[in-house]
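Only one chain is given next, in C-alpha cells, and it is the form predicted alone.
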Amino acid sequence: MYEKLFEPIHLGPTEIRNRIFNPPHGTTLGSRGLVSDELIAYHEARAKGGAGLIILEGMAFHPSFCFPSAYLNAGHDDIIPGLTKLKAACAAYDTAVFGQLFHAGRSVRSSHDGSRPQVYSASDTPDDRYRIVPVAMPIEVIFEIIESYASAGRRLVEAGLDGVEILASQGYLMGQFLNPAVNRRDDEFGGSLENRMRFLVETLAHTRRAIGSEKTLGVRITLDEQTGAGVAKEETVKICQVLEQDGHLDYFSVISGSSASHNGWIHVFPPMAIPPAYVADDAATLKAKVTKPVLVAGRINQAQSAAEILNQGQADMVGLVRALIADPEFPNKVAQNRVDEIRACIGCNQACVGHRLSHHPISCIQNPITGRELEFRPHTDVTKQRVLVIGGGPGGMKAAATAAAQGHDVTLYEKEARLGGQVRLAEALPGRSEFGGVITNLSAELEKTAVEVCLSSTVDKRVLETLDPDAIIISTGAVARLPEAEVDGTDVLTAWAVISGEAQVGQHVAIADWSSDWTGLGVAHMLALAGHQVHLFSGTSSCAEAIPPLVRDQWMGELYRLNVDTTCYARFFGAQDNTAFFQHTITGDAIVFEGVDTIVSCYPPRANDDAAWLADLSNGRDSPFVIKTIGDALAPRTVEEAVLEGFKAARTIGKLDGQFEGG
C-alpha cells in the first residue's frame, strides 16, 4: 500500500523523487535572520531520512515585517550563501529544496525593542487573537511589497533552491487581503473577489518573471480557516482556478486553520484531540477542481494515513512536519518495510510548537536529537560498561535504550508490572490516549536492543552484587502528595488516585489545581464526562498556564461545552465538612465554595527517593560505580526533561573524557 509514496512527481520543472515533503515550519534555528549550521544540520537530517522535498520555513523579505530573531530574512543578499550551503547538504541525498516567502500582516507577536510595532493589513480590522489594530496598507506599499516578493524569490533561486512558495494561507497577509471580513478596502485591492485577489495575482506574476520558467512556483492556501469568518471554501476554490488559468503556478499546497482567532489557531498546529489527516478532504475538494498537483499537510503522523491519502487520490503529495520532527527517518523506514520502527508523533505540541512559541529552537519530547543535531552527533570513543537503570518510566526507558545502542550491557529494573510511569496516567484521560505512544515508541526502541528488563522488581544490595554495575542511572520518578492544609470532614484526593480509578469521587467536585498543567484540565474533563459537577480552581492567571496554548485552548473549549466552571487566582486553603476554602492569590481574600463532596488536588508530586541509599555506597574516591539521577527523581517536571536527561546521561557513560557524573 506504500508504493505510491515513493513514486516520483514533477512540480513544474522540478522532479521530486517521492511524494513525501517536509512543509515549512518555524524552527528558531536561524541566527540573526541568516541560515546557521544548526539549521543546515536539522534539514540535512530530514533529507538523509528520505524526504523528497523540503520547503523551508517562511522567510521575511520586507521591512514592514522583519524580525531577525524569529525569522530568516530573504530581503537582502546576505541570505544567499547560507541557503546555498543548505541546498548542497540536502542535494547530497537527492532532496529538492524550496523556499517560502512569508508576511504575517497584522498577525504579529514579535517586537524589535519590547514596544508594539506598527503593522499593516488590508484594512484596520482588529486581530482577535493578537489583539492588534493594524494600519490599512497604502497602495504604494502594496506595490513595493509585490516587488519585494519578486526580489526575494530571485535571491532564493540565485542560492540554488529549486523553487519558491508564496504563503497565502492561515489568515496571514495574503489571506487578509482575500478575506472580505478583514479586507474593507474600496480601491483596486478590495471589494470584489477580483480586487481582493489582485495582491496575490500580481505577486505571483512578478515572482514568476523574477525566478524564470526553470524554477518551481507554488502557493499555500487554506480552504477552511476553522474560524467561521474566513474565506468561503467555494470562493477559495474559485481563487485557485483563476490562479491556475493565469499560468504562473506549478502546484497548490493545502493547509487548515488561521492565526487570526483562537479556534483557528488550534488548527495551525492541531493537537492530538484533532483527528489525524483531517485536511485531506479539503485537498480532495480542490484537487477535483484544478489540474496542477495538490499538496496537503495537517497532522499526518502515520505511514498508513499518508499512503491512503495518495491511494484514494485526495492529494498528490503528503506533508509531514511533526512526524519528521519525531522521526526524520520516517520515509526511509517506510521504504525499507520498517514501519513498526517509526517513532510516531503524538501531537503533544510540547517541544516543537511549544519551544518555537517560547523563542527556543524546536525539538521533540520523544527525540532529543531534533534541533540538537550538531550537539548530539554520534560518537565512537566509548568504553563498554555494565549499566543499571532503576525505573522504567520514559526517562529510564530512553536511558536504557540509548546506553544499549552505545554498546553497553544494560539491565533495567522497574518495580511495577508495566513500563511507562506517569505516561500511563496521561494516556487514561479523554482525548489523550495517543500520549501512550511515548511508551509504545520507547518500548520499540528497547526491543531493538539487548536490554534486560526486570519488571515487578526492586534493586537491593544483592542485585548490586550480582550485576556489579559500573554506572547507575536513577529514574524512579515521583510520588504523589497533598498540600499542607487543614481538612476536616471532606475527602481530598490526589489527581493520580482519581485518574487511576483507585479512589471514589462524589457528585460535586472541586479541583484544586496548583500545577496548572494537563492534570487539572484532564481530570475536569474526565469527571465532567462521567456526569460529575465540576469546578476547576486554578492558582494561576489562566487555567493550564504551563502547557502549550494550542493544547490548552482546545481543551478549554471542551470544558466549556461540558459546563465546567473555572476560577483563577485561587490557592487551596483548606476544607471543612462540605465547604472548600480558597484564597485569592493577589488580594488574599477568601473564596468559599460550598456543597463539595470531593476535592481533587493537583499539587506537585515529590521526587521519589527510594534509591537514595545508593548515594552512600557511591561516595568516595574508590567507589565501585557512578550515579546519575534524571527526570522526576531529580526534580518533578515533564516527559520532555526525563527523556532528554536519560538520553544525555546514557551518552556520557564510558566516554573517554569521563563526563559521566553524579546528579
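Just so you know, these numbers come straight off a predicted model, no measurement behind them. The first residue of the shown sequence is 1; numbering continues from there.
Although it is not shown, the form predicted together with a small molecule is what the next lines describe.
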Checklist outcome for this item: Partner-free chain; cross-checking the small molecule in the predicted complex, the single residue of 98, 582, 252, 269 with a heavy atom within 4.5 Å is 269
Checklist outcome for this item: Heavy atom within 4.5 Å of the small molecule in the predicted complex, from candidates 152, 137, 543, 167, belongs to 167
Checklist entry - If we take heavy atoms and a 4.5 Å cut-off, which stretch out of 295-303, 107-115, 234-242, 463-471 is in contact with the small molecule in the predicted complex? => result 295-303
Checklist entry - residue 552 near the small molecule in the predicted complex, any heavy atom under 4.5 Å? => result no
Checklist entry - Is residue 200 close to the small molecule in the predicted complex, meaning a heavy atom pair under 4.5 Å apart or at it? => result no
Next on the checklist: Please determine whether residue 320 contacts the small molecule in the predicted complex, using a 4.5 Å cut-off between heavy atoms.
Outcome noted: yes
Checklist entry - Is residue 356 one of the residues lying within 4.5 Å of the small molecule in the predicted complex, judged by heavy atom distances? => result yes
